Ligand code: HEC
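A single chain, nothing else alongside it, follows as structure tokens in the form predicted alone.
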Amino acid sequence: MTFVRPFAFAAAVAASLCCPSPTRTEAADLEAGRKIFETICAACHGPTGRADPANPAVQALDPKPADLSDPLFNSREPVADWHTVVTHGGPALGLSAAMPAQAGTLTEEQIRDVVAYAKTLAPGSEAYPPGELNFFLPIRTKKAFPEDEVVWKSRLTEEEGDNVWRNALEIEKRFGKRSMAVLEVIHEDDGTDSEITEVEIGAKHVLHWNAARQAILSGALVVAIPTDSDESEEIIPYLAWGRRLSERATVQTSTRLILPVDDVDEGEFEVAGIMHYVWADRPQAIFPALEFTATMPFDQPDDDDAVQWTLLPQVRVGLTRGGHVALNLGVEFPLSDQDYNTRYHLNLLWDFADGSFFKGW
């Protein structure tokens, strides 16, 4: 059966989400962390995590200290990033130079305790998916974590005749506690025509996450509207998973249906998956990954050639010290009988929730 391979892959990865992840640290001492916070951190951040704007010391700071009591901000910040900032100071991740390094003042255990306490300063943050589940953005696989991002996606397809250059601008904006809206405008140039060919609008919602297992599941619905009136609109529902396999590896997968409104039989089923090797703790580095896809058109004979496979080795390049601006570079190779030879991908992403595009270079 043509569905067997894609579904088998999806089932295998979904099963892996049920396995526990390794524990990264021992339990923190929150009372010890509170004492350290009140002694060292509260002068700028305030005893509740929110800086007092009337405090002359705070008024002299530019930028102002982050509001640790904001549940959205607090939840989306990974513990590892805060640990780095407390240890090495704000400049380590492109943040304020006024945030001093505490490596010479606090022990590793004390840094763990104060970071854990700071994470408790935003009541209600447990209703938001934690930043530890915000894995790297793949090229083809859909991501589960909701984002505040702008992504420029460029793709050159080598095929018989003229090559096709495709550019897409995607804007993602979080709303509520676990949802995200998306708008994408797609432009194509085949050497003869150069025009906007499609606009996509949709929303994604986190269905479930497990912080202990470091796994996340989301569902989304996208509507693709072609600019050519002869083409059909498409309804595109998808599911996206992500999980940390170990200290140095993450896996993400997605399954989606592409359903033309005019003729559903012309639709497709797609499975994609990727594994990143996260070898460095700081995001300004090069992270290799291997991604593959399996696509099956509905209207195909029931044989092995019906499933179209691709392999997409790629790298993520963190351009800023905080990693909120990054490049994805990849080359996609067809592994079955497809109508193109090779695809070259370049994605530029900017997580605007973490600051301006020019911060932290």
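Throughout, we count residues from 1 along the sequence that is shown. In this text, all values refer to a predicted model and were calculated from it rather than measured experimentally.
Separately, the form predicted in complex with heme C (HEC) exists; it is not shown, and the next lines address it.
The unique member of 95, 137, 289, 220 whose heavy atoms fall within 4.5 Å of heme C (HEC) in the model of the complex: Exactly one listed residue reaches within 4.5 Å, namely 95.
Which listed residue (306, 317, 30, 44) meets the criterion of a heavy atom within 4.5 Å of heme C (HEC) in the model of the complex? In short, 44.
On the criterion of a non-hydrogen atom at 4.5 angstroms or closer, are 151, 175 and 181 all touching heme C (HEC) in the model of the complex? No, the whole trio is out of contact, none within 4.5 Å by any heavy atom.
Is there a non-hydrogen atom of residue 61 within 4.5 angstroms of a non-hydrogen atom of heme C (HEC) in the model of the complex? Because a heavy atom of residue 61 falls inside 4.5 Å of heme C (HEC) in the model of the complex, the answer is yes.
Test of understanding: in the model of the complex, would residue 269 fall inside 4.5 Å of heme C (HEC) by heavy atoms? Taking the distances in the model of the complex, the answer for residue 269 is no, it never comes within 4.5 Å of heme C (HEC).
When the contact criterion is heavy atoms within 4.5 Å, does residue 147 count as touching heme C (HEC) in the model of the complex? Close contact is absent here: in the model of the complex, residue 147 is far from heme C (HEC), nothing within 4.5 Å, heavy atoms only.
Can you work out whether residue 131 and heme C (HEC) are in contact in the model of the complex, taking contact to mean some heavy atom pair no more than 4.5 Å apart? No.
Interface segment, criterion being heavy atoms within 4.5 Å of heme C (HEC) in the model of the complex, picked from 44-52, 292-300, 328-336, 308-316: Only one stretch passes the 4.5 Å heavy-atom test: 44-52.
Determine the residues of 76-102 with a heavy atom within 4.5 Å of heme C (HEC) in the model of the complex and present them in sequence order; the list may be empty. Going through 76-102 in order - heavy atoms within 4.5 Å of heme C (HEC) in the model of the complex - the hits are 77, 82, 85, 86, 95, 96, 98, 99, 100, 102.
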